[in-house]
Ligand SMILES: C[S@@+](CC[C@H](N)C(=O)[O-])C[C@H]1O[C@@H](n2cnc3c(N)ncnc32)[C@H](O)[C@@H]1O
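In structure tokens, the next block holds one chain alone, the form predicted on its own.
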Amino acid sequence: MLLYIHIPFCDVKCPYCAFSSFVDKLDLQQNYTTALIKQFKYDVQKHNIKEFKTIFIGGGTPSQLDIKYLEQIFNTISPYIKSVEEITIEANPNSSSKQWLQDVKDLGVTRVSFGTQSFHPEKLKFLGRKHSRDDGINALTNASLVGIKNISSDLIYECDIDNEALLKEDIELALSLNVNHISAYSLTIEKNTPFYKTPEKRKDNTNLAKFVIDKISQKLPMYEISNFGTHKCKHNLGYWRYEDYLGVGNSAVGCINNTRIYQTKGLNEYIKDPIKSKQEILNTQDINLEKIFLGFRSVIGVDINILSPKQQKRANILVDENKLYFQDNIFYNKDFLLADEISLYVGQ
């Protein structure tokens, strides 16, 4: 079982962000933490959960949450993480001081994922980021100095102002700062975000995407369409293997026994009733298609045994066309940029 913990607080709402996050709500930290702990205790009992293999604390911006509230959360989950393999926390460079990094390491965090997005001042402004180039450099450096071994840096590409020189500088700088993982995301224009009104902010450029992949892959192996690393994120690998996971916090999503569980999105509504949730029972076709999409966009691949005879035939056609390869009863994708097309073709 995997555990996802959602921390919804942010110091600024980025114009491209569609995640559940709230600005100027830090006065609700204690109430939110109390509600989150209440939901956690209820769910582990309801689902008879004994332990978690990995934990991912995401947001929002978890580094906005006062360390005393993170301590309350860790004190609550500690009986369930005695054999935990990995604990990841997300952080923004401007809100993760060296002391904060030391504190979360002392709590048990083994991996930090920084929302750097870029080191270029003009691009940081374009993306509405509050941190500076130096903040990004200092955060990654300090994580290494306090002894955190697994450090990831997020980068965004296909912005209107992007070019190969800018992206090359971002990638090379990140790689020089002891990161062993990079998550590189193409800028996505989402509904209900400021960028949705200005879609020209995104530069749809396949050549840039290939450039980013080739450049990062020279130092860090690609193991998913947006992820590269000598240390693969074990929590995300669990998602892609279709393992059960519990989601706690407002807007968190879980999936247990082929039932997807959605927590309340509103912050005040969640605090008022953290037990309330909606459920969606996934049918056989839903599960099949999800495993196909997850498998072909990552190194997990797709087991032949989950495919119907018709799907196996299509997959074998792609093997003959050198788009997939087949090994030990698993079909693997050779080009993650074609993941959606391949998944749609095999899964139909």
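The numbering used is simple: start at 1 and walk along the sequence shown. The structure presented is a predicted model; accordingly, all values stated were derived computationally and were not measured.
Below, we refer to the form predicted together with this ligand, which is not included among the displayed structures.
Novice: To verify the annotation, which of these, L101, A91, L140, L246, has a non-hydrogen atom within 4.5 Å of this ligand in the predicted complex?
Specialist: Of L101, A91, L140, L246, the residue with a heavy atom within 4.5 Å of this ligand in the predicted complex is A91.
Novice: Find the only residue in Y242, Y185, Y80, Y223 having a heavy atom within 4.5 Å of this ligand in the predicted complex.
Specialist: Only one option qualifies, and that one is Y185.
Novice: Using a 4.5 Å heavy atom cut-off, state whether E190 contacts this ligand in the predicted complex.
Specialist: E190: yes, in contact with this ligand in the predicted complex.
Novice: Given that this ligand is not shown alongside this chain, does I87 nevertheless sit within 4.5 Å of it in the predicted complex, heavy atom to heavy atom?
Specialist: No.
Novice: Can you tell me whether F19 touches this ligand? I mean in the predicted complex, with a 4.5 angstroms heavy atom cut-off.
Specialist: Looking in the predicted complex, residue contacts with this ligand include F19, since a heavy atom lies within 4.5 Å.
Novice: Would G115 show up as a contact with this ligand in the predicted complex if we use heavy atoms at 4.5 Å?
Specialist: Close contact exists here: in the predicted complex, G115 approaches this ligand to within 4.5 Å, heavy atoms only.
Novice: Spot the stretch among 292 to 300, 26 to 34, 316 to 324, 60 to 68 with residues whose non-hydrogen atoms come within 4.5 Å of this ligand in the predicted complex.
Specialist: Going through the listed ranges, the match is 60 to 68.
Novice: Sequence order please: the residues of 317 to 348 with a heavy atom within 4.5 Å of this ligand in the predicted complex.
Specialist: Read in sequence order, no residue approaches this ligand (within 4.5 Å, in the predicted complex).
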